[in-house]
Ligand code: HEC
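The chain below stands alone, shown as structure tokens; this is the form predicted on its own.
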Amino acid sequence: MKVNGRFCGVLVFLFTVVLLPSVSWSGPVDFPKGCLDCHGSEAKYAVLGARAQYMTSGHKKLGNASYANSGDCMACHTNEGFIELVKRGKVDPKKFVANPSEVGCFTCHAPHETGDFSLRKTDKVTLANGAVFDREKGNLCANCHQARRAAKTEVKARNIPSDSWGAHHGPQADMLLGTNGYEFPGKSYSQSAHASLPKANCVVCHMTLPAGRYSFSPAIGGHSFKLEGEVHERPTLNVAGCLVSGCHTEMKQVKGTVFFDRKAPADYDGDGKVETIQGETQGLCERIINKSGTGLLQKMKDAPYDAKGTFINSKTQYPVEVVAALYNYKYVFEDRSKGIHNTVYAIQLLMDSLKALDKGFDDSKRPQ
């Protein structure tokens, strides 16, 4: 709306000359103490600091609410949809959010209703394949950070309709438990210690603040939810959560990278050297799809991905091993921990997928 400049000038004149002199201040404003706990100059809760962290997070910056405000998408991509999910246990896929907003403070907390910063929902979560995720405060995260469908159901169809097909971008809860990857018949699968340690949950690992001078950057730990970021122009990894959880007595960062200094037990990706867990996991993924165009799912006939790693939309009915391998690749890749959440399970899935695509692949070092 275009506003006449002279009109604005009149409003300012009326406010400053007519209204302000009539305001009488008789003393301190009677502001409810509960409000001061968050919004006062000496706040009890670090709301401003938490917001500074949140502003760097994917929840704020991805901008999904603008297009994912209908169907079952809105349950995880909009503030309004998630609150409806918590209250009703589901969302109406036929409706849409008229004015969607990004996932924010009031998505997970309802301080004005509850009087505290407790989480809206911490009940255990049943995943798409029936597995139960129950990891204390991490249960809130698992409502959205899980695979959308069961792996067997997705693979059985044998077609790949879109690049969003598969576990769909956030299967962290499944990976942590070691479940719902495509498990090849005749193969045995196991879990890492993270699947059974109670304190190895989303909140402890991702939200513990770094030790020392945290003011270096709000982009790691806390409500940024990120373990890696840039501090003073250097890649920095937050290992504080690993230490306070009791899982590790020592955890370090590989200098110059954002990889954990955890060496893999063997050369899983077959490049002739034993690297970190994340390096080996990444190497296995790149055997399937990579930026050089040499991945197995890029060189095959009627390949689903081109030389740049871009999805090729087709109606091809692929062999089960091709669809299964792509499902596992996306499952591990979109977990984004590069094997840290569940090393053994991630490596098993990738090595079995490679063996299914290439019978000559050496899987003799597969963890059992």
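Position 1 is the first residue in the sequence shown; the rest follow in order. It should be emphasised that the depicted structure is a prediction, and the values quoted were computed from it without experimental measurement.
Another form exists, predicted in complex with the named molecule; not displayed. Remarks below refer to it.
The stretch in contact with the named molecule in the predicted bound form, judged by heavy atoms within 4.5 Å, is 220-228, chosen from 182-190, 153-161, 267-275, 220-228. Highlighted residues Asp92, Ile312 and Tyr345: none comes within 4.5 Å of the named molecule in the predicted bound form, counting any heavy atom.
Using a 4.5 angstroms limit between non-hydrogen atoms, Glu334 touches the named molecule in the predicted bound form. By the criterion of a heavy atom within 4.5 Å, Trp165 is excluded from the residues contacting the named molecule in the predicted bound form. In the predicted bound form, at least one heavy atom of Asp72 sits within 4.5 Å of the named molecule. Remark: Gly246 does not count among the residues lining the named molecule in the predicted bound form, judged by a heavy atom distance of 4.5 Å or less. For the residues Leu297, Cys144, Val125, Ala240, the 4.5 Å heavy atom test against the named molecule in the predicted bound form is passed only by Cys144.
For the stretch 340-360, the set of residues having any non-hydrogen atom within 4.5 angstroms of the named molecule in the predicted bound form comprises Ile340, His341, in sequence order.
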